[in-house]
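Quick setup: one chain, the form predicted on its own, written in structure tokens, and binding and motion questions come after.
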């Protein structure tokens, strides 16, 4: 694979922009500086670009800060999809879990199906934390009910969840769950006669929103982050 294609596939920009960057600042392949965008790299090569280790593997991983108004699909006839914001979309790429049209927050986008299964399976107890603004304040009874599991009309109660206040008024909260049922967060609050007015996913497993991912943008995972994922799957 060409160096400029590798970096484009990893989300560092368009091929045109990356060619200019490589020619200007170069990249290191196995410790040797190159400024040739056409340099061939293989899976076994160690590539460092812009101070970051780049894995030359077939799997790719992006953290995306989803805005409201787009859906988690490759194609949709009525709404923009998340792939409006992530360059070089391919049909084999997908989001790990889904966020509703009006929900913002963290999404992992990848072509690694095994990783997706690991992060989404309730038996692996992967925490997903959401921030929400509610129609009215939660109560101590709500906190206890969430910790026991909520009846949202499915065959089983939801798994125990951690509900905490995010402000003194109690109408802003953080909720940590380990499942991803259809509209789960909204349904849990509706079951307690409350309504979610705004919803954002702040973290999933070891990954969290931060200042490096403004809303509507994304970044490629570093080699260290990917290695951490693989270790957690063992």
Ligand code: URA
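Positions refer to the first chain, counted from 1. Since we're looking at a predicted model, the values are computed, not measured.
The next section is about a form of this same protein that is not shown, the form predicted in complex with this ligand.
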Tell me, out of 47, 185, 204, 209, which residue has a non-hydrogen atom within 4.5 angstroms of this ligand in the predicted complex.
185
Which of 70, 63, 199, 29 has a heavy atom within 4.5 Å of this ligand in the predicted complex?
199
Which of these stretches, 95-103, 114-122, 133-141, 149-157, has heavy atoms within 4.5 Å of this ligand in the predicted complex?
95-103
